[in-house]
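Below, in structure tokens: the form predicted alone, a single chain.
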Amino acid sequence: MSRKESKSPTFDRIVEASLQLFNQQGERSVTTNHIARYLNISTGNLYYHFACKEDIINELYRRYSKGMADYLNAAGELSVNASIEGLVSLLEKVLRHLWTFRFIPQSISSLFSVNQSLQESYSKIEAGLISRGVEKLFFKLRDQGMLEGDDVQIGFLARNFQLLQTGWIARPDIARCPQEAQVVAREGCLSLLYFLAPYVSSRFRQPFERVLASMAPVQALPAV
């Protein structure tokens, strides 16, 4: 936990600078001394706000998970009957959010080894609240007629969709060759849509194909 409950401008500067450095250089390569030097502040000033680097990471994970939960709530309020394009737009926003915090999925295993509280938060939020929310969303899409499949198939689809979503950002080639968030989000979105394609119902196949065609030149989806 950070030392101060009230957030000051310096608190936010430390968090934002840490995020930038972690994304650019890798979390393991960045120390609190590096962060303080980058901001041109004393280490004592930094430690006034955060007791250690792990506390900064915990604050970044809090912001990351809050954003994911907010997007998931927004997805739950959308109706595919109103706009498949709206769902795809929201998916791109989620992927841009993941890209903003990309050091987390790229370093999650090593982060767990030195940060027990982060592992506990991850288990509670990512593997709990968010996973259940994604599964609930997929069952809703099935009930609205967009997806086809029994309960076992839809549950499997939701779990693997989430793995693919975070795994896309953690790919080594993306980590080595940073790109613009918009490019990463568009490519990741296409991969996820292709993953969903075999489960799209005949009723929604035409608008689904239209969305894919608007994102990249693609062949028509095979009949299910």
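The structure presented is a predicted model; accordingly, all values stated were derived computationally and were not measured. Numbering starts at 1 and follows the sequence shown.
Another form exists, predicted together with the DNA; not displayed. Remarks below refer to it.
Chemist: Does Thr10 reach the DNA in the predicted complex if we count a contact as any heavy atom within 4.5 Å?
Modeler: Although the DNA is absent here, Thr10 would touch it in the predicted complex, with heavy atoms inside 4.5 Å.
Chemist: Could you confirm whether Val184 comes within 4.5 Å of the DNA in the predicted complex, counting heavy atoms only?
Modeler: Although the DNA is absent here, Val184 would stay clear of it in the predicted complex, with no heavy atoms inside 4.5 Å.
Chemist: So, in the predicted complex, is Asn45 in contact with the DNA at a 4.5 angstroms heavy atom limit?
Modeler: Yes, Asn45 sits close enough to the DNA in the predicted complex that at least one of its heavy atoms falls within 4.5 Å.
Chemist: Is there a heavy atom of Thr32 lying 4.5 Å or less from a heavy atom of the DNA in the predicted complex?
Modeler: Heavy-atom contact with the DNA at 4.5 Å: present for Thr32.
Chemist: Looking at 184-192, 162-170, 48-56, 65-73, which lies within 4.5 angstroms of the DNA in the predicted complex, counting heavy atoms?
Modeler: Result of the contact check: 48-56.
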